[in-house]
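Presented as structure tokens, the chain that follows is alone, the form predicted on its own.
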Amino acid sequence: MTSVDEPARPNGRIRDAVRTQAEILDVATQEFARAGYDGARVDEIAARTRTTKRMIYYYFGGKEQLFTAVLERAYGVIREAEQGLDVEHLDPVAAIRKLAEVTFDHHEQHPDFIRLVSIENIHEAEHIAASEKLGKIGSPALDVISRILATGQESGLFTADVDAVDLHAMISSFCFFRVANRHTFGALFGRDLTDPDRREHYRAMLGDMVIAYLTAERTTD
């Protein structure tokens, strides 16, 4: 990372560093989600903020580090939502349904997150792999799912041979597909998966699918 001295602030005005960085990340999120990593331009991000390109480099070090910071914040938002889950008082079925609904709502409300993840997959997760912060962030949802699954399996209610990662992937895949593929799916099949009139239908369908899988009768050979 190239060291950049802090630039002189116009008219001696002291900028709130936290606010400035948040503003840069807001615009950078939009720009990376719109244009992708390769297409995004730091000049454009600077032009849309109340700062300069030099200030962006001072705070983040460069385009690659800025994109990594955008990913770290985006994943941090969903991790905060997961940490806020209050399902300890619910039975296993209701708890899993609640978890699915929280994931459904988050992905719907954060389409830029979906685009950023798609872009990072094109780059084979190289920024996530290099991020010490993301390497440690884990997923609070996995801890919650593990506890719910253990309770459900011990009671005999859940019969599926599945762990928390499997279930997390199952829930996330539906939520991600619904937002990421809405345009191609709509063009091919004439149905908008994010149509507000069908929102509750898909939200309930997700929960029903997951619960049906977990509780299905299974025979042993």
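Sequential numbering from 1, following the sequence displayed. Because the structure is a prediction, the values reported are computed rather than measured.
This protein has a second form, the form predicted in complex with another copy of the chain, left out of what is shown; the following refers to that one.
Annotation: in the predicted bound form, residues N121, A180 and L188 each come within 4.5 Å of another copy of the chain through at least one heavy atom. S172 is the sole member of Q30, S172, T194, Q153 with a non-hydrogen atom within 4.5 Å of another copy of the chain in the predicted bound form. This chain lacks the partner; the member of L142, A81, V87, V93 within 4.5 angstroms of another copy of the chain in the predicted bound form by a non-hydrogen atom is L142. Contact check for H201: a heavy atom falls within 4.5 Å of another copy of the chain in the predicted bound form. Heavy atoms of Y75 reach within 4.5 Å of another copy of the chain in the predicted bound form, making it an interface residue. Proximity of D166 to another copy of the chain in the predicted bound form falls within the 4.5 Å heavy atom cutoff.
Proximity of A212 to another copy of the chain in the predicted bound form falls within the 4.5 Å heavy atom cutoff. Taking another copy of the chain as it sits in the predicted bound form, the stretch 28-52 comes within 4.5 angstroms of it through a non-hydrogen atom at R34, A35, G36, D38, G39.
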